[in-house]
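Taking the form predicted alone, here's one chain by itself in structure tokens.
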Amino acid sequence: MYKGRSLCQKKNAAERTREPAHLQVENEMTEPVNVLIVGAGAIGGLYGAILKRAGARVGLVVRSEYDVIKSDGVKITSPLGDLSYQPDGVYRSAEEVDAAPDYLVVTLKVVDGIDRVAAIKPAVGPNTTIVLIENGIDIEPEIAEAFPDNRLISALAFVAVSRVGPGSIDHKAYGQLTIGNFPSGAGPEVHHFAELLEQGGVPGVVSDRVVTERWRKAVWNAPFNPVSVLAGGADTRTMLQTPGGEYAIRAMMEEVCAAAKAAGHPLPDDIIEMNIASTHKMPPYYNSMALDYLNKRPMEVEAILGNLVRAAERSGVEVPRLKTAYALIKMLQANLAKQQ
């Protein structure tokens, strides 16, 4: 079941002795934990900073911002303070990495045209734990099938963070990472990674039902992301304060909850109220899909919305508002493609 707890309490010494050596905390090791992050945008850059603060050796695989980050590092403004850091290694591709990491963290967008397996395969070693910090439903099977012998952690970021320029990130609020093994369970590598997050300054929450947690996050993502795009790139405050906006968001959230229940992942009765209340408290925030739309980048339509609609169809659950939003955003994509 979902444990819903932060790992601020350290495991006792007896527990630690049962962990593989490469999973013990840095101050009990002769070498720091080696982390490679593939996809150093807002999410990858931020959690790279958190892991760096925890004492890990952090390398980044970047493409378009390689020269800036290689020269100046990653600049991050945050409620936690100045999180700016110089990575221990900056690479154009995973093929340049000379040693397989303990943790390979994937923060790539799940969009057409990005082959996640090919992007990480050269750096995956037999003892590498793969961590997916990515949006969406049903985004793990492709990686699990490609690397059946590697431990796989699925992670959900509850954070307001944006890339504001080359190598520059604005962390506005939150930061909790909920993690667990895919498809279920929570092994020592999960607990250790959560502990690193705690040491770096953000909550690491362990769940042994991480697929349920993906549905939990979809309650926010599936309405807010596509609506922001269909509203022309709206921020959260505009969506909730426009007359009828909160009603529309709530109705879509209700459909996500119905689909989750039918798929075997019932969610708490108060989850909609909690999501609406927390969003009202946030500063105006442009979610990832809104930013991709405004910057003419590929959007995670299938991962965030399409996969959910198809899951509902498989379960025989009617989700008319979500299906309408999906159809409209696909029309928008088709129209944008004509203009290119």
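Note that residue numbering begins at 1 and tracks the sequence as displayed. Being a predicted model, the structure only gives us computed values, none of them experimental.
Missing here is the form predicted together with another copy of the chain; even so, the following discussion is about that form.
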Q.
in the predicted bound form, is there a heavy atom of another copy of the chain that lies within 4.5 Å of any heavy atom of residue 170, even though the partner is absent here?
A. no
Q.
At 4.5 Å between heavy atoms, is residue 200 in contact with another copy of the chain in the predicted bound form?
A. no
Q | another copy of the chain contact at residue 235 in the predicted bound form, heavy atom, 4.5 Å | A | yes
Q: Would you please decide whether residue 113 lies within 4.5 angstroms of another copy of the chain in the predicted bound form, comparing each non-hydrogen atom pair?
A: no
Q: Have a look at 157, 161, 239, 190 for me and say which one sits with a heavy atom within 4.5 Å of another copy of the chain in the predicted bound form.
A: 239
Q. Looking at 204-212, 130-138, 178-186, 223-231, which lies within 4.5 angstroms of another copy of the chain in the predicted bound form, counting heavy atoms?
A. 223-231
Q | Neighbours of another copy of the chain in the predicted bound form among 324-338 [non-hydrogen atom within 4.5 angstroms] | A | 324, 327, 328, 330, 331, 332, 334, 335, 338
